[in-house]
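Only one chain is given next, in structure tokens, and it is the form predicted alone.
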Amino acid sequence: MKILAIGATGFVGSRVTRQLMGQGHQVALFHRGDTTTRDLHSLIHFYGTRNQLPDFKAQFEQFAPDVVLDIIPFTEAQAQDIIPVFGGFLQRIVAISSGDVYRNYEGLQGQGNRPPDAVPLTEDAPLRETRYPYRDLEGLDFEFQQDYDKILVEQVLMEHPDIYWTILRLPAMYGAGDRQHRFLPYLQQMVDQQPILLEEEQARWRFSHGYVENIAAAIALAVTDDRAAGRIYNLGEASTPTLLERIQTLGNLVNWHGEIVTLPKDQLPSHLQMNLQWQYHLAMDTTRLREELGYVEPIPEAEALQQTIAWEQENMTTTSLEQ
């Protein structure tokens, strides 16, 4: 299969590219050229920014991909630009979306007045009723913050009559290279022998995660399996623990025997108080992907967490974790 991947040189994209290469597929990359690693140099590369996609239409037609994987469609306009570039000669577009499309996300942010939707959230769960979820967030350094909305991206692709599509909604991802260092604050407190403080509701909060290599495997499967055409899939772990349970698992893996203290919000130190409504869970149901495409994680959770912990050790400011 011939696959053109847009923006697939970063955290998850590079891993998808390597997995597709390892399966024997012919992969070409369209990207800015900022993050390519040496092992991807042998591939076909088209260098340009997102708004330059139309300039490469003739070259894309010459490459003649069977599938386009779009790792970075952030805005409605970006999705609309895809159609004239690839419409007419392409079998399918696989677009990366996010769990932030669900209505529980706006509830978490304190928007709207609807009660929480039941979890785990299936692909048919209610979507946000508001748009542009990051537009008013302070402290976010994101080029497309004002216009980002994955709901609009999904709608553009699903409503176009000449495009076969697959939508993949991603969870929070962890692993080597995670710029957000999702587990580092907890691991650092374990090293420093400090109690971990959580708001009571926060301790019970469920938020789907996925190890980056496993998420890459799921994306590669959806790209190469024609049964994924016209389908939306949640990606992530098979079951989602509470935040308290997730931290306890990390502690067990590093032989930590400290204390996790849960307190009412007003008893937490001010720097730990977050203006979030923790009763709105973001646990996603991944049954559809597993049943329809036969997805199974290639790397077990314990191994994934151990590899992540080992990488996070390099970011510690004190002594290494006891293994």
Ligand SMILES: NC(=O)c1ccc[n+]([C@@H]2O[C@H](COP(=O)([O-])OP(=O)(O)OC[C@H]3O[C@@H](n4cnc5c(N)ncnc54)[C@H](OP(=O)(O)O)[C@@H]3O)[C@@H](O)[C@H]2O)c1
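So that there is no doubt, residue numbering starts at 1 and follows the sequence shown. It should be emphasised that the depicted structure is a prediction, and the values quoted were computed from it without experimental measurement.
Absent from the display: the form predicted together with the named molecule. The rest refers to it.
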Partner-contacting position among 211, 74, 86, 102 - heavy atom within 4.5 Å of the named molecule in the model of the complex: 74
Candidate stretches 194 to 202, 173 to 181, 155 to 163, 231 to 239 - the one whose heavy atoms come within 4.5 Å of the named molecule in the model of the complex: 173 to 181
Contact of residue 97 with the named molecule in the model of the complex (heavy atom, 4.5 Å): yes
Interface membership of residue 288, the named molecule in the model of the complex, 4.5 Å heavy atom rule: no
Distance check, residue 294 to the named molecule in the model of the complex, heavy atom within 4.5 Å: no
4.5 angstroms heavy atom contact with the named molecule in the model of the complex for residue 265: no
The named molecule in the model of the complex: contacted by all of 107, 110 and 133, heavy atom 4.5 Å: no
Partner contacts in the model of the complex for 145 to 164 (non-hydrogen atom within 4.5 angstroms of the named molecule): 148, 150
